[in-house]
Every structure is written in C-alpha cells, then in structure tokens.
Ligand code: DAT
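Below, in structure tokens: the form predicted on its own, a single chain.
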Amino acid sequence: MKMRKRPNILLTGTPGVGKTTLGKELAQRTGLSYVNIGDLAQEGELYDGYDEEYQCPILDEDRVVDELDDQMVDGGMIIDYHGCDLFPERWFHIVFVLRTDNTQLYTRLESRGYAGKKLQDNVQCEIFQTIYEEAMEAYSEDIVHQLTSNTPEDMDRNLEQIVQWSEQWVKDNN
C-alpha cells in the first residue's frame, strides 16, 4: 500500500507568539509529527558555541538540517522555530508566521525571564516584522501567511484554519 503524502508546515515568529502551543495542538488534531527545533537541538546537543550577550547556546544550523532532512522528505512534519531562513525551501508546503501585539509579547517574554537586550531585541523584531520579511525572502510568497496570535480565540481560529488547510492539501495531493 502506498503511503499517503502529508504536508510539511513551518510555524515561525518571534519567541512568545504561541508557536509551541499551536504546534502541539495541531499535531494532536492532524496526526502530523511536531518538532520544536529548540528541544531537538537540546536533545541532540546541536550547538556551535554559546552566545554570551543573549545567554543562550548557538544553534548549529547545518547539523539541525542534516538531522531532519530524511523526515522532511517523507512529509507530515510541523516544524516550530523562531527563525526560518536556515531551512531548505523545498521542505515546506506552507509557512505560518505568528504575530502578537507588542504589549502582550513584552509581558509573555518577561514572564519567561527575558530581560534587557534580549527582551528589547525580541519586541523590536516583532515591531519591524523581521521574521515575516525573512519568511517572504526565504520562501515562495504564495505559501507564506501571517496569523494574529493574541488571544485564545485567535489560537482556536488559527488551529481550525491550519487543520482545514492540511486536510485540503492531503485531498489535493493524494
């Protein structure tokens, strides 16, 4: 029996916009496999040094891509990461950039222990739509979509929209 083709989805956006919550819920609803790049890197120690300024390890992007490539070719993956230009364009069928109101984002990041430059830079990143622009440059514009992610209602609506898109993609591609 031939395996059904399933889409690969990228959830990206500034830290604190709700990627992980959405991604985990989406995996439950669609049966797609969810991968949080931060967790993957931690488990596999896929790092290339430490960033003193931001107090965090530096991702070894090549090793992350090597680690995931076979699974991505098979399809059915949801990838969650705050950057997107490290991934090959061929990996994704659709890219969702989550966006959050700056005041809310500030509060969410502060509650995670972000402070100083790290907090300011992430909020500025959101203000200047940095991740959205990065996505528009890295992928075909017709697969990049922005989703508002401020409230639980937004989360539910985004979830419904992506589940419907995913079901339609499976119908169209099998």
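Predicted model only: the values in this text are computed from it and were never measured. The first residue of the sequence shown is number 1, and the count goes up from there.
The same protein also exists as the form predicted in complex with ligand DAT; that form is not shown, yet it is the one meant from here on.
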- Message: Can you tell me which of 142-150, 65-73, 47-55, 118-126 lies within 4.5 Å of ligand DAT in the predicted complex, counting heavy atoms only?
- Response: 142-150
- Message: Can you tell me whether Met155 touches ligand DAT? I mean in the predicted complex, with a 4.5 angstroms heavy atom cut-off.
- Response: yes
- Query: Does ligand DAT get within 4.5 angstroms of any non-hydrogen atom of Gln161 in the predicted complex?
  - Reply: no
- Query: Is there a non-hydrogen atom of Val17 within 4.5 angstroms of a non-hydrogen atom of ligand DAT in the predicted complex?
  - Reply: yes
- Item | ligand DAT contact in the predicted complex: Arg29, any heavy atom under 4.5 Å | no
- Note on the structure: Contacts from 59-78 to ligand DAT in the predicted complex (any heavy atom within 4.5 Å), listed N to C, are none
